[in-house]
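This document starts with two versions of one protein chain, written out as structure tokens and named structure 1 and structure 2.
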Structure 1
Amino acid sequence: MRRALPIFVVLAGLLVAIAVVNPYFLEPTAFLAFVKRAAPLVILAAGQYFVIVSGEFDLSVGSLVTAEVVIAARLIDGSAEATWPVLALMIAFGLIVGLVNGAVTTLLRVPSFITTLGMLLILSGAVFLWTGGSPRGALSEQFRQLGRGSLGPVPWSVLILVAVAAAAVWATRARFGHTLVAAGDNDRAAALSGVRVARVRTVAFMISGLSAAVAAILLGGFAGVSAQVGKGLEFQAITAVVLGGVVLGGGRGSVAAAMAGAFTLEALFTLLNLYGISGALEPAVQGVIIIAAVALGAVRFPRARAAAAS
């Protein structure tokens, strides 16, 4: 848990800095609005955590979010009656994409970077072919309420985020979470100790696909239908996870810290916006964070292993 402490300190510092620039941020309405904006990325980061800590990557979540929103709009087309069946279909589609990613990676032994990059291109191409670059259809008001509505003073997206976060923390503390970390740390040793590495990693990809489906539901409700709604989210999710101290390559990390990393990234972008700094710098900031985190991990963990061996 001590490894996760720095990201919570950084997050607290950024929140204080935002409050100094904008005192209104401290009011419950404004703070809940911040959490509401961050919820899709936090959920994606939670799903990405399971894949990365198992020693793999999932680059397909951004295009999956886009595909989910575009498909939902086309199928619902403003019909309230179609809302819940389509929501169930979105969840199933996310799980199926995760299953395919996991099966290709573990059974066919295609590196996950290549597998999910290929899935990203397949989904992006399919969406463009289907829509011609201009999505058709419309989401129903019932669907939109999940992203922008509220239960009393608390937005639905915040309640959904709390449920997802609780489930993610529970999963990491259960036997599945321990076997996942073992597979990421040393898959051969884990297999010799009885861990079904292929199955565990495939489930991790399915969790990532499920998180993308939930994020798509929230983003569709919050931002509406767009062929660009999920653009770049895969890199934001990976940035959030490494910012939370999860080691690229697997075996170390905390899902709570990964979600805190997503909040930190959202807080950083909010602060930059308050200072009038162009949003065009966001990808550059993400790149710096990823390179710095990987470089720091390369320096720290060999030393930690050497110290442990001695």
Structure 2
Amino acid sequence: MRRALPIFVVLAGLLVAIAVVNPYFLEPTAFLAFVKRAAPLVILAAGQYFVIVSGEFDLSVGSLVTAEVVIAARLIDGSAEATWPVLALMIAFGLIVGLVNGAVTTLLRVPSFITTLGMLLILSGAVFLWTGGSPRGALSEQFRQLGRGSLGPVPWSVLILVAVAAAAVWATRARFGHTLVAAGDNDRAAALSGVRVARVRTVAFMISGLSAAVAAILLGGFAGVSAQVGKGLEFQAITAVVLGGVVLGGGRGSVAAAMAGAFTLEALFTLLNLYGISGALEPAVQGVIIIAAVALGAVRFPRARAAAAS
């Protein structure tokens, strides 16, 4: 937890900085709007956390989000009664993609970077092959409610985010979470002490696929149907997780910090917008900050470990 602390400090600092420029930001409506905007990335980061802490990568989530949204639009095609079956289908599709990623990585021993890169190519190719080059159809109003509607004052997406966060924290505290971290830290030692490494890693990929499905449901409602909806999300999710102090290579970090990393990234975008650094320079600032944050984390780490050892 000590390692996770810096990201919460950074997040708090950013939120204060935003509030200084825009005093309305801390009012409930504006703040909930911020959380709502951040929800898809936070959910993706939570899913990506499980894969990264187990020692793998999932590069396929961005194209999976696009695929899910495009598939949903084509199947629903504006009809209300198709909404719920299609939602179930999206969840199942996310889980299946995760299962395939996990099985190929663990059983066929393909590096997950390549497995999920292959999945990225396959998904983005297959979906547009099926729809003939551009998204077709439309989402129903019920479907869009999940992304843009609200229950009383609280947006649905914020409620979904809270549920996802609670489930993610619960999963890391459960036996599964411990075996997953053990597998990521040293898979051989974990295997020798009875962890079914292949199985827990596959489940981690399935969680990531599931999170992509949920994020797609929110984004589809929030941002609408386009071929660009998931573009670059895989890198943003990985960046968020790493910002949260989770180590690429596995075995260290907490899911709460990973989600805080996603909030931080989103807060950073908001702040850059407020200062009028939108569009062109945004990626540059983002790049510098990511490198700096990870570099600071890397420098701090050995000292923290020495302190713990003494």
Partner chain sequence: MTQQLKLGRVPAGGSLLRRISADRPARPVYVALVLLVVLGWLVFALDGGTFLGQENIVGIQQRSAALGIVAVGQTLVILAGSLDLSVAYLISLTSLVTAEIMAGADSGVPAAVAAALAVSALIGLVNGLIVTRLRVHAFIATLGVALVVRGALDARYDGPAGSVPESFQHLGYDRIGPLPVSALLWAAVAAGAWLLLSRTRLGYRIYAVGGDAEVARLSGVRTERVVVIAHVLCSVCAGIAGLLLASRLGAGAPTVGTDGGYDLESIAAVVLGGTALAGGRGGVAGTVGGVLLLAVLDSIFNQLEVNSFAKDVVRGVILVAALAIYARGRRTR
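Definition used throughout: the rigid core is the maximal C-alpha set that superposes within 1.5 Å between two forms. Everything quoted here is computed from the prediction, not taken from an experiment. Residue numbering: structure 1 sequence, from 1.
J.: Structure 1 or 2: which one is the form predicted in complex with its partner chain?
T.: Note: form predicted in complex with its partner chain is structure 2; the other is not.
J.: Superposing on the rigid core, is the CA of residue 287 displaced by 2 Å or more between the two structures?
T.: Indeed, residue 287 is displaced by 2 Å or more.
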